[in-house]
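Shown here is one chain on its own, the form predicted alone, set out as structure tokens.
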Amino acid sequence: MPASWNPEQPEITDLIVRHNPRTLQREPVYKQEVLEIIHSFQNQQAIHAVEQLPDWDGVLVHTAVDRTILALHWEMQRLAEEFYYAHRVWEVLRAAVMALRKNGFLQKIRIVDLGCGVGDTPRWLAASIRAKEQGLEFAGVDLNATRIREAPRLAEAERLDCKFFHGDAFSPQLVGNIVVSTGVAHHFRGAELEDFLRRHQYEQTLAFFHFDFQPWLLAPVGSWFFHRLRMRTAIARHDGVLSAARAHTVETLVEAARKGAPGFATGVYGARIWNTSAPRVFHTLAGIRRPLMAEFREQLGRRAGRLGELQ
């Protein structure tokens, strides 16, 4: 296995930006400290990518890091559009929204994209779904100040009705009725994954859907080939493949969810392509409050077969 595919190591983007978890203020990142972490995994590809980032007296230059982060997320948005990713998100959101309405939830439904990046999912939803008619509110939350500044700029340019916040998506003032994320779950390892899911236990949170890479034997190979063809930046090419290598199995996700969020019926949605044994690139950890479970399946309609056992 190439050193850059070692799932035990962090992704470059997790190392080159740091915020104080309490104040959310940007903190300096020392280039040598990042390189030492990467050196410990003998990852030459990551070393080369980080060495290209400029520093000032050993501290990574924020503006250069920010440009890199934004370039990476613009590329991710382009790929999501090409693969009609947001349509899959709406598949499960629509069913969850209808399940809430059928069970008498008449208030506005707040849908929060956790770790929203530049906000491509909330922006697509705001552009495609008649939110006011359905009593929906779309929001994105991210701890990264650079990404969360770009998201509302794009939404304003596109004249879209969605909101973005710099902060913790699980804080009382930002928590959603439905929480979604893309490529976030694999950043949490071991006990951290269970703790992450435990934070969904707010009373007002009624469902969650976490989309992420599905691990299988050829996933890193396919991801490497695809990222070499489609991604332009060295960090995007590296982290995209490592994300696939670090993805959690169905068993890991479901076990963590059932321990961390026992108030939800949880399972995996969309693990297989149609009725074949071929795995999808992405699968979804789904959680829904137990009184809503039967109606959620009903609202999925013919897609209910994509939903594994909910427990």
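Predicted model only: the values in this text are computed from it and were never measured. Throughout, we count residues from 1 along the sequence that is shown.
Just so it is clear, the following notes concern the form predicted in complex with a small molecule, a form of the same protein that is not shown.
Triplet 248, 252 and 286 all within 4.5 Å of the small molecule in the model of the complex via a heavy atom: No, because 248, 252 and 286 lack any heavy atom that approaches the small molecule to within 4.5 Å in the model of the complex.
Just give me the single entry in 75, 91, 150, 168 that has a non-hydrogen atom within 4.5 angstroms of the small molecule in the model of the complex. Here the answer is residue option 168.
Contact flag, residue 105 vs the small molecule in the model of the complex, heavy atom cut 4.5 Å: Close contact is absent here: in the model of the complex, residue 105 is far from the small molecule, nothing within 4.5 Å, heavy atoms only.
Hey, in the model of the complex, does residue 114 get a heavy atom within 4.5 angstroms of the small molecule? Within the cut-off, so yes.
Just checking whether residue 144 would be counted as a contact of the small molecule in the model of the complex - the rule being heavy atoms within 4.5 angstroms. Contact with the small molecule, yes.
Quick check on residue 187: any heavy atom within 4.5 Å of the small molecule in the model of the complex? Within the cut-off, so yes.
Counting only heavy atoms and a 4.5 Å cutoff, which of 115-123, 96-104, 151-159, 130-138 contacts the small molecule in the model of the complex? In the other structure, the partner sits against 115-123.
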